[in-house]
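Presented as structure tokens, the chain that follows is alone, the form predicted alone.
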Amino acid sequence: MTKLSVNINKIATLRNARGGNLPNLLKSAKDIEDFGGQGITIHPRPDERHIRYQDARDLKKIVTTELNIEGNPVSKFIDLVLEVKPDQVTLVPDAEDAITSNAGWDTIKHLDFLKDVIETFKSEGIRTSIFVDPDNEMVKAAADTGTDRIELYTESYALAYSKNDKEAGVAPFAEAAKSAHEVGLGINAGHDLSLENVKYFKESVPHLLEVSIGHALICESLYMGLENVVNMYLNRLK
């Protein structure tokens, strides 16, 4: 079964909109685990506009499944990850003012930088993953960084699916996953996956270990309830 890691950034966004602690981010994380979620993902940005750095420290104390911290490996982020020591760190090349992640790494251009950062994390026993587009050259170069896994950036698939072109949309991801598996990389995926499109993606992309889903899952939960939606994803990922 492909594991479901729930990104709780949007819960933090709602909390921060009014101050205080409603909704309670830590309780939400525990509830997601109790509902069957197999991981918690957070993406703290330097301005802490949703997930705060202290949230990462607090979540480390209570998450019992898998804690995945995503972000651009600037010095502040690296220090946080080394302090918290999550189960997995996912490196994402987003600008500080980015609304959301919008591209994978150029693993050829940034090879030396990624190798240094990944070596730092792996020396502390932290599993590493890097955000990449479904490009075989980028995937093969990712293996040279020493990373354990890649996370396929799935926005283009979601867009193709919404335009009734799912076969063409998923094809490069299936090829990238095969290439990654051949060079010994684990495969994660995320960005704009939803209840509507995740089942076909899972069925079409081989060796898929984990998906990270936040925005769609939280939006769907407004209508159908968090527990129900988590279990709907789990059923689609079997």
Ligand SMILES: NCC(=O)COP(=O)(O)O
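Owing to the predicted nature of the structure, the values given are computational and were not obtained by experimental measurement. For every residue, the number given is its place in the sequence shown, counted from 1.
One more form of this protein should be noted, the form predicted together with the named molecule, which is absent from this view; the next part is about it.
- Although the chain is displayed without it, the named molecule can be placed by superposition from its pose in the predicted bound form; doing so yields no atom within 2.4 Å of a backbone or C-beta atom, and the site is open.
- Figure note: of the listed segments 27-35, 191-199, 53-61, 166-174, the one touching the named molecule in the predicted bound form, with heavy atoms no more than 4.5 Å away, is 191-199.
- Interface residue remark: residue 179 is not counted as part of the site for the named molecule in the predicted bound form, having no heavy atom within 4.5 Å.
- When contacts are judged by a 4.5 Å heavy atom cut-off, residue 7 counts as touching the named molecule in the predicted bound form.
- Although the named molecule is not shown here, in the predicted bound form the stretch 27-41 places heavy atoms of just one residue, 41, within 4.5 Å of it.
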